[in-house]
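Next up: a single chain in structure tokens, the form predicted on its own.
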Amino acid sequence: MGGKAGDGINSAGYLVAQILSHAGYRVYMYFDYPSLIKGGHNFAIVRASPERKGAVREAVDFVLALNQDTLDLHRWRIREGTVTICDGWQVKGGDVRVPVPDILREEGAPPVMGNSCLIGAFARAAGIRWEILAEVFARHVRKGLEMNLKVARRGYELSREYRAIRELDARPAPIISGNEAIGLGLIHGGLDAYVAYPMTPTSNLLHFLAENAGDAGITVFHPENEIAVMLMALGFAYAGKRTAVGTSGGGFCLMTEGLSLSGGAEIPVVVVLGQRPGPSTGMPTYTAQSDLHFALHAGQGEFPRLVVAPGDPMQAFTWSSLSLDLAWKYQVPAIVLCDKTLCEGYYSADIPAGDVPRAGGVKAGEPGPGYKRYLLTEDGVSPLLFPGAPGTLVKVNSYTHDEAGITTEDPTVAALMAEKRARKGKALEAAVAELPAVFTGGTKDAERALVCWGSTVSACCEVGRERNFRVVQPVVLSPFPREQFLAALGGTGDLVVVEENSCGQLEMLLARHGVRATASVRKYDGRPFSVDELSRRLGEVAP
């Protein structure tokens, strides 16, 4: 479905997804838009299947066009049998021509309801019962429901059945975005506070958590910039509140000094880092996987960190929850490295919270005057207390410090504290080894492997099943789960690394761990792999 910014294409695509979900299908929706308030070309692609999908295909069965650009720019997606449903006043040609302005004028409806006319016409063309459309509108149209139903009904009655979509005997599954899955995972992990300055593609995470702050019992705050975001989050955490922040690459640049403070002062925090193309502003509303090495190395000095890269809503939920657990247990910063494709994509997803593993409790300190915030321990993790503990002074210090938190430049103490942080990193690595840190999909007994990370996993799994490739996705990227990864690769020969950046950042990380790729497929135009494109590109390097 396509139109210009301001036509409500995202909302309309979501309604089409809900209609197909209520017809028994599992759905995935990709939304494409330039960084413009009005104008430009916006479009949403909704894919429906009896099984879950997380990537689009190039050809489409239906086109819903609110303007001529939608037909002209996507003509290559049209094949024999594709049904085009158009605003008859804006678009030349089309199978179903709906006189949208006439209907809106006759019903006294505002222009933004034009997409409801086309959704009505689509439902009839797809053989979907009116009752399903009416139920979806009743559940998901927040304003002007009666008027929207009127104009949708006019579109429905003007159309006819062209390409019937068989109704399946399956209950609708919840449709959530990746941002919502991350938010729910943070809440499941015990989130107390979320602090963020809005930045695509994680802005909707801020909105989601703010809307649900009361029910979730969390504090949500929007300060003046990302420096304030990170420092405020560290203040929350020092006071004992499990806290996360959200941003994308530009904002994370500003947070990196605070990230080092988190590492040096051993104050836990979770950073949700949504990737988009850079450098600098780049293309703010498009997607990329180009911040992996930035996430692995951001900040001055050496300190352990957790970096996870979920690829779908289930992984986003699980590893957002686990990131909070692990960050607090080991008193380290954690980064949830996602991207626009995951953050703003919508997926059918059932999230059974009971299946999420937990990392275990925090090592609590004994209150009293002898408390040492940075006590040297065998695993490098010091017992934790927060200000307000009876008779206890809880020091925090970014300067090199001793066990009590007192500033020092003594070389012996400095070395001991560096070794303490290193032992803590090893303890975190051991904890990750006990968790499902590597996902395996595709054709699981295949002798060739696709290795990927983040949101490319869905396209890789589909192509892997079609072209006989095992898919191996390390969900945790630091500390790298080397033994699990090698076990997942066991028995494979050719190894193709698929990622959405130009330098091969995962490929370089694998090389550090002694794993060499035989070929690579990279994409860096701001758009995610479709299943067809990935299959074609893979055929060029691994026929």
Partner chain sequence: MTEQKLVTPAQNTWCPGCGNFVIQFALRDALRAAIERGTDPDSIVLVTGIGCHAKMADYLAVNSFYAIHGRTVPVATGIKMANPDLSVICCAGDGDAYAEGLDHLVFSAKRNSDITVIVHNNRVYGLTTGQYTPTSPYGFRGRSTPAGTVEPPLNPLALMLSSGATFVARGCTRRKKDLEGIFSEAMEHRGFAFVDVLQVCATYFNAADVYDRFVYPLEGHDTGDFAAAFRKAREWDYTSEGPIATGIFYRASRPTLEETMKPVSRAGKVPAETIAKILEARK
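Numbering follows the first chain given and starts at 1. Treat the numbers as computed from the prediction; the structure is a model and nothing was measured.
Only in words, not in the display: the form predicted in complex with the partner chain, which the text now covers.
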Decide whether residue 148 counts as a contact residue for the partner chain in the predicted bound form under a heavy atom distance cut-off of 4.5 Å. no
According to a 4.5 angstroms non-hydrogen atom cut-off, is residue 167 in contact with the partner chain in the predicted bound form? no
Is residue 530 close to the partner chain in the predicted bound form, meaning a heavy atom pair under 4.5 Å apart or at it? no
Does any part of residue 280 reach within 4.5 Å of the partner chain in the predicted bound form? Heavy atoms only, please. no
Three-residue site 216, 351 and 407 fully in contact with the partner chain in the predicted bound form at 4.5 Å by heavy atom: yes
Checking 362, 173, 418, 433 against the partner chain in the predicted bound form, the residue with a non-hydrogen atom inside 4.5 angstroms turns out to be 173
451, 184, 119, 343: which sits within 4.5 Å of the partner chain in the predicted bound form by any heavy atom? 184
Could you tell me which of 461-469, 245-253, 124-132, 138-146 sits within 4.5 Å of the partner chain in the predicted bound form, going by non-hydrogen atoms? 138-146
Would you mind checking 6-23 for residues with a heavy atom within 4.5 Å of the partner chain in the predicted bound form? 14, 18, 22
